Ligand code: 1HE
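Listed next as structure tokens is one chain, alone, in the form predicted alone.
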Amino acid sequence: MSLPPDPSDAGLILAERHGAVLHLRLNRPAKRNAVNDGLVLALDRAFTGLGSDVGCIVLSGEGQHFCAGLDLSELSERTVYEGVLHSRMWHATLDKLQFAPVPVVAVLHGATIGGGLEIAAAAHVRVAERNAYYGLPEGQRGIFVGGGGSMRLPRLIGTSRMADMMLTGRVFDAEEGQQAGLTNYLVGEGEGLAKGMALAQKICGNAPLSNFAVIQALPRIAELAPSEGLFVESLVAAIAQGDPAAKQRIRAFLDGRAAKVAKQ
């Protein structure tokens, strides 16, 4: 489902450049960044036609929360058919996020609920502040996830945990979310954006083709049968190591001009 741009959608996504890092912010703070159609479409446009000078994206929420989920004021007016189309619109947008040409780092704070958690799950790296909390209240609302959560979230936390959250309304705090695998990094309140930007800058230092292979090939290989997956892995490995940037980096390591792996 695709709708034409609406002038009222302007400003729903705030964008700032920090060198090769593009920072995108969900911008409905008065609604706890609850997602309406305008915000989905604005996010879709933000991930369309990214310039080749963008090396990484940081996604965060304006105000006190990352995203409190779907704006339910729009949901009650849809027919079943319109609901299917609406869900497919979300799928198209979050596929653009998951399969963006560059990695996406999501910075989570406050409410990361329902559709907000589905957006976060489409990112490649997730940083949480200690005031973040996670829920899937769809079961209590008489609805079901529709933004790809049934595919992405079980891969992070398992089907059993997701079912528990939806059936009982269980809410995970930031520590529980970290232990469950919802997030990769846990930092203090107010420290999320700095950590996310630092990770994004580090990611930008990688060879672009290597970053692309990680975010494009890795999730697809994981879905293949072992024999097919290993063959695709061989192809991707050969392509990556044949890239001039890879050859330069390997030569720098062999010449002692690149740092060895060490615990930070």
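For clarity, every value in this text was computed on a predicted model and none was experimentally measured. Residue numbers run from 1 along the displayed sequence.
There is another form of this protein, the form predicted in complex with the named molecule, and it is not shown here; the text below is about that form.
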Notebook entry, point to check: Should residue 103 be classed as touching the named molecule in the predicted complex when contacts are defined as heavy atoms within 4.5 Å?
Noted result: no
Check: So in the predicted complex, does any heavy atom of residue 218 sit within 4.5 Å of the named molecule?
Finding: no
Checklist line | Interface membership of residue 69, the named molecule in the predicted complex, 4.5 Å heavy atom rule | finding: yes
Next item on the list: Classify residue 235 as contacting or not contacting the named molecule in the predicted complex by the rule of any non-hydrogen atom within 4.5 angstroms, answering yes or no.
Entry: no
Item checked: The single option of 122, 162, 111, 174 touching the named molecule in the predicted complex, heavy atom within 4.5 Å -> 111
Note to self: Please identify, from 95 to 103, 186 to 194, 122 to 130, 146 to 154, the stretch that has a heavy atom within 4.5 Å of the named molecule in the predicted complex.
What the structure shows: 146 to 154
Check: Along 24 to 38, which positions have a non-hydrogen atom within 4.5 Å of the named molecule in the predicted complex?
Finding: 30, 31, 32, 34
